[in-house]
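Just the one chain here, the form predicted on its own, laid out as structure tokens.
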Amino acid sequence: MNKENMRYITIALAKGRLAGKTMEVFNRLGINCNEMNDKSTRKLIFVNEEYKLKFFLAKANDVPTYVEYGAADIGFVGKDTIAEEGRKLYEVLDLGFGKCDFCVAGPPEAGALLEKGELIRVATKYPNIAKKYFYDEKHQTVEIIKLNGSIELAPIVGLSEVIADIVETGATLRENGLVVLEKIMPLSARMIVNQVSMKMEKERITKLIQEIKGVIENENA
């Protein structure tokens, strides 16, 4: 197909460290978007004319929404966000960076409450992941308390018995006398694709998936 007639493929990147790491992968493929490096820019959409790609930065929670509704053909975001948002899309590739775990944590004595399946309160920023884990997998009735700030505070001040949250190094938990009690799932950055885009632009998107996969495998070799 003549490049002039090709439609742009739009890519949503989760703002922050993940966007930076993702663009490093694109740079290794020779796909650059220098406009994104300009810290003073007010632009919202960044274009690579050579490959007919458009990039934009979004809040992580919004990336699966943009992808489900087709405003973005492709998205790059953490597995935690994909699981929490529960959107209809294809998760096509584990990028292997941003690795951490989603865990149930709390004071050591709270482990007994989990083992006995007692009615407890769980504080979390991720109510959907927590519900799925406790209700569908553990079959334990819990009260989920949605918080937006420091989750570790909840068991310390008596708001909840445990928390369900992302654990990277565990340092914050240890500093506050908390421990990992149960692991829910491993997390990392993922590539997601709109279901219609995958059919309409199968060749180009599949090629991009394979190229990104190659970069990641070379890095890990």
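Numbers for residues come from their place in the sequence shown, where the first is 1. Because the structure is a prediction, the values reported are computed rather than measured.
Although not depicted, the form predicted together with a small molecule is the subject of the following passage.
Segments offered: 190-198, 28-36, 167-175, 58-66. Contacting the small molecule in the predicted bound form at heavy atom distances within 4.5 Å is 167-175. Only one of 87, 125, 138, 131 lies close to the small molecule in the predicted bound form, with a heavy atom inside 4.5 Å, and it is 125.
Proximity of residue 182 to the small molecule in the predicted bound form falls outside the 4.5 Å heavy atom cutoff.
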